[in-house]
Structures are given as C-alpha cells and as structure tokens.
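The data below hold one chain only, encoded as structure tokens and taken in the form predicted alone.
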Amino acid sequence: MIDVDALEPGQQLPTFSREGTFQHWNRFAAVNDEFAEHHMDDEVGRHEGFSSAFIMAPMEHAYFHAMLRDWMGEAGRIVRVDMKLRNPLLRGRVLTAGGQVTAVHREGDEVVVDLEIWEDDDTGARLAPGTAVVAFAAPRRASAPPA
C-alpha cells in the first residue's frame, strides 16, 4: 500500500519486466485481433528491417499500465499515459519498464502524481520514454476541535 503522504519527487517506481515471447504476443493478438505477420514471423520482421518479429505497439503501451497498476495497487487510478515509441521490443529480448515521481500536488480530494516513465530492453536500448499522471484519494486530515 502506498503512503500517499510520503510521495515526493525523485522516488523510483519498482521496475516491471516481461520477455518478448511468441506466447505472450499470441495471447495479446488473439484478444485484440492483431495477427500482423511482422509480430508473428521473424522472416517478415527481417524483411521490414528488424532482426526479428517485434511487439505490438498497444501491448508496449499496456506494459506501462501494468507497471503503474503493480505500483499503485487498488489505491490509485491512472489519469494519463503518454509515450513515444522509439524502438520495438524484439522477440527474445526482455522489456523492463520503470519510472520516477517528478511532482506531487493536491487537486481537490486527490493527490496527483506526475511521473517520468520509460521502457528499455536488455541491451540497454530505450524503447519508449514517456510521462504518466496518476491520482490517489487524498488522506483525510483530522479537523481541529472547535474553540
């Protein structure tokens, strides 16, 4: 459980990792009807200029959501995730996502947290930099007794 009062800029989120496997991609493709050959066939990926088949962009985006959910649990809600795809995760590589708190402020009944987020592969290539905003219910403050 996140201690909302302890959130501050500079805090690191726990990392989230997934291997780029045909099994993972096939399940995602089945749910999203995204059986494009460059995601399933290494030869087609090579024909398109990559060294193998590569991840679906929406799946890469979903991994950011999974990382944030793992960190927040049920306590928060994802307001926004923005990312720039720089490189795809190739089959056989491992994606690691992480993030850092950049700002914390209160808006009404919520504590809003701005984050810098990123995804890299196991070679160190930056796959996707991005930003996210999440919100938590603000802790209730005890009111002062009447004078």
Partner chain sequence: MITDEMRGILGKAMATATSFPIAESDIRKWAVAVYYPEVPPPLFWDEDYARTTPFGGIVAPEEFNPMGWMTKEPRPTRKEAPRGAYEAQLGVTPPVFKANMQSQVRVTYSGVRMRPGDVIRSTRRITDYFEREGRMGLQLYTTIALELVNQRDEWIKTLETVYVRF
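Numbering follows the first chain given and starts at 1. Please read all numbers here as calculations on a predicted model, not as lab measurements.
What comes next is about the form predicted together with the partner chain, which is not displayed.
Asn32 belongs to the set of residues with a heavy atom inside 4.5 Å of the partner chain in the predicted complex. Using a 4.5 angstroms threshold between heavy atoms, Glu116 stays clear of the partner chain in the predicted complex. Residue contact with the partner chain in the predicted complex: Gly49 places a heavy atom within 4.5 Å of it. The closest heavy atom approach of Asp70 to the partner chain in the predicted complex falls within 4.5 Å. Site residues Arg18, Ala57 and Arg80 are all in contact with the partner chain in the predicted complex, judged by any heavy atom within 4.5 Å.
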